[in-house]
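Below sits a lone chain in structure tokens, taken as the form predicted on its own.
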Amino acid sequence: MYYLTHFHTMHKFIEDFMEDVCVHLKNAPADEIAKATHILQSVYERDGRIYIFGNGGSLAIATHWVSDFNKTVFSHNLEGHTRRFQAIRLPSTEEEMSAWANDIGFDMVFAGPLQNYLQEADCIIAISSSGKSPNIIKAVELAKSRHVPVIGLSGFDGGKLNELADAKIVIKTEPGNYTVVESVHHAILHLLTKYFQDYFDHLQARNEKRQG
């Protein structure tokens, strides 16, 4: 009897969590995600770089996306694209993060390295579930001061990140629902990778057809 009750409770928990993630994914702002694709396309055409960062789980999401995006987009024709996307996670090493945090302050672990690299042709992707992390906001404000477009992935009420971002991808939940927000953020970044992979595959197929 205990097993049956426990199984029913666990099954209900699983269904409820999946439903929660699915509902918030369906409610994600499609127009703002489309705006993010336009920003990334423009950066590619300018041969600029994409800097992405976040704290904790968001940093893990950023790192995962960089490993996917830099390789997967052109994976079907690696030799055919001399120009590639250049996505970089900040800071690029844990040593650099600890140096900025220890010597200057944790609020500068993203803005500090960004000062070294950021050019007008670039864009940034800032990930913060709360949208309020001081180190995220400092880096975003630096980008804005240099007229560099900002893609913001936030949650809850969006916070200051959503106010400052050019592409405002906010996953609206009750405060503290990190599991759902981070799950949807991850899915959206996979969407961006898949979109550009399909886009460049389509261009390649069209060019081959013309040449044939």
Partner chain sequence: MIITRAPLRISFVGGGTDIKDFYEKYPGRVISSTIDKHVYTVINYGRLLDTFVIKYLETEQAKHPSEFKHTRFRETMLHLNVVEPGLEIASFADLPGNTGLGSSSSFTVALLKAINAHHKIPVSKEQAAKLACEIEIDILKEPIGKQDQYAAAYGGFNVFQFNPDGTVDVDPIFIDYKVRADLEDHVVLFFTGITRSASAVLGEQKLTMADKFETYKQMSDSVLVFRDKLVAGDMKGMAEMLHEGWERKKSLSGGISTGAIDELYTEARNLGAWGGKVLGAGGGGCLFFIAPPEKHAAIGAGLRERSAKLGLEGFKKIDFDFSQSGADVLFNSLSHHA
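Positions refer to the first chain, counted from 1. All of these numbers come straight from a predicted model, not from anything done at the bench.
The following text describes the form predicted together with its partner chain, which does not appear among the structures shown.
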{"property": "Listed range touching its partner chain, judged in the model of the complex by heavy atoms within 4.5 Å, from 154 to 162, 42 to 50, 183 to 191, 62 to 70", "result": "42 to 50"}
{"property": "Site test, Ser75, Lys132 and Asn177 vs its partner chain in the model of the complex, non-hydrogen atom cutoff 4.5 Å", "result": "no"}
{"property": "Its partner chain contact in the model of the complex: His202, any heavy atom under 4.5 Å", "result": "yes"}
{"property": "Asp198: touches its partner chain in the model of the complex, heavy atom cutoff 4.5 angstroms", "result": "yes"}
{"property": "4.5 angstroms heavy atom contact with its partner chain in the model of the complex for Lys168", "result": "no"}
{"property": "Partner proximity in the model of the complex: Thr93 to its partner chain, non-hydrogen atom cutoff 4.5 Å", "result": "no"}
{"property": "The single option of Met97, Ala87, Leu118, Ile137 touching its partner chain in the model of the complex, heavy atom within 4.5 Å", "result": "Leu118"}
{"property": "Neighbours of its partner chain in the model of the complex among 145 to 166 [non-hydrogen atom within 4.5 angstroms]", "result": "Ser145, Arg146, His147"}
